[in-house]
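Listed next as structure tokens is one chain, alone, in the form predicted on its own.
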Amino acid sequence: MDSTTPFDPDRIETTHFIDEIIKEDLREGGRTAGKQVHTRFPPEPNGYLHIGHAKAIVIDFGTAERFSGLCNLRMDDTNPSKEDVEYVDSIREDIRWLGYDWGDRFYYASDYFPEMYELACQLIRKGLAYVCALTAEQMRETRGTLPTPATPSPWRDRPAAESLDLFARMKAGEFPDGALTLRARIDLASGNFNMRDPVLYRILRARHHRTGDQWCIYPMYDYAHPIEDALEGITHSLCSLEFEDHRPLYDWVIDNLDGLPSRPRQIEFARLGINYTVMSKRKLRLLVETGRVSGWDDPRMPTLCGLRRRGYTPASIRSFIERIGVSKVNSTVDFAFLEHCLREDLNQNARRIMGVLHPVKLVITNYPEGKSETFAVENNPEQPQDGTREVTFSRTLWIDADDFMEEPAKKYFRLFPGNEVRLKTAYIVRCTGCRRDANGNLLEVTAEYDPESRGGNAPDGRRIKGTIHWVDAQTAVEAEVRLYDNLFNVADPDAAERNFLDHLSPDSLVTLQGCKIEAAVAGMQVPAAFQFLRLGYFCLDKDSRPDRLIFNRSVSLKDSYRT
């Protein structure tokens, strides 16, 4: 923020309720008046980011952008038993892919372990924390009910000096895992169970991916998070609605510690729910570890790396997040709307090519053998500046099996004996019949072309109702095509009465071999995206090689979304 120019919060266009709160805080007399807005995105590095995290990323980084502020990236690495540097690297990659950057403000919760320990000692000296020997099960048994206060721990009134000594010995590794905890001394009768003497530290012998075996006690998230925010000068701690009941504890930690450089404000927003998927890291990890999917980046997964591999673009995901809005009420969004946002983006930007997924030969019997010619085809009608490419045409072509019926259904305007169709950009042809093997399997379709209809225009102005795509058999590239659909066959696989693994869709992946693709795809690099004319949007898969092209269907051509 330019200190020479007073910042006027009212010039910011409000996009949701969080903006309104921040604007009020920035106005004269507000709690952050005169300060630069500073947010943070604090993922735990225990898995790959998914589309739900994308909402938090867009809110955290986007809010900072709108208010000319800053946003930190911080790894919440306080639980070493589940964390790994692999996840750290993937998180950084995903955020950059979405189009955001944290500059030099990349931190770890573990950066603050020494300060957190000293601040915990401060709470002990103030009589606001004590070392407790109750087990986790005993704490659950004594925490009470909503109308009944929790039973005090026998060690709740332990002298501060004794707790300080025990806490130091916990740090030194003198006690086994689970033997002791450090608990806050707050309010056993609180209607909010998070305030009934919550655990601040536990003993956990697990090698940390950064600090190794230096620590054997680790802070709980509810204690660590507000301290991290305060030490980094965060003004607004934006988090999902599940942390609303944790806000009193967040504020209690901030209010009762001396020497913190700032007092952040926590604001909660509704999490993102999407039907036909799950977004619990535990469940996603189970899908990976049990081999139900090929990995975290399986294109059926809601992970950002999975969506990226399927052909989703940063622009489509950001558009989706921005258009669903930010509220305080949890809701579920139709997965088809996410597909709609991708389709809008690819319609504008994806190159068009012709591909045949279920190939059958079309032999043009009156076209000279050995002859070949080229046609100029536009690369993208939405982007004229992208120009054209040349496609070859010869006597034998590949067409899709669905584009021929020997006995046509009503209102079927594609190839059948006696009917004329337009071969996209090339010629008008009249179907003359087909050839089948002894078992009745279709081997080829035959047709005759109108030499005067070059470009697909009838010279006498006759009306041609059907237009089909095709690929020249002489130059076609063979490929594998993977058709992806919803991973689950029920809208709410998370429903309490269900085992989500029982509702995996057997049709979530269909693999087609021997597909014929226009020669223009040769030499294209991942993540090249295309619209296969009349079929949908596809992208090259990362496993593709020059001698083995693999395409993933990103999304079908038409919306199934209903307003």
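So that there is no doubt, residue numbering starts at 1 and follows the sequence shown. For clarity, every value in this text was computed on a predicted model and none was experimentally measured.
Not pictured, yet referred to below: the form predicted in complex with the RNA.
Although the partner is absent from the chain shown here, Thr145, Ser331 and Gly455 each have a heavy atom within 4.5 Å of the RNA in the predicted bound form. Just one of Asp89, Asp84, Asp245, Glu406 comes within 4.5 Å of the RNA in the predicted bound form, counting any heavy atom, and that one is Asp245.
Checking Gly191, Gly461, Gly370, Gly440 against the RNA in the predicted bound form, a heavy atom within 4.5 Å turns up for just one residue: Gly191. Residues within 4.5 angstroms of the RNA in the predicted bound form, judged by any non-hydrogen atom, belong to 344 to 352 and to none of the other stretches in 472 to 480, 344 to 352, 297 to 305, 486 to 494. When contacts are judged by a 4.5 Å heavy atom cut-off, Glu382 counts as touching the RNA in the predicted bound form. For Thr467, a non-hydrogen atom is located within 4.5 Å of the RNA in the predicted bound form, even though that partner is not displayed. Contact between Pro264 and the RNA in the predicted bound form is not found at the 4.5 Å heavy atom cutoff. Using a 4.5 angstroms threshold between heavy atoms, Thr63 stays clear of the RNA in the predicted bound form. Applying a 4.5 Å heavy atom cutoff to the RNA in the predicted bound form picks out Asp76, Thr78, Asn79, Lys82 from 53 to 82, in order along the sequence.
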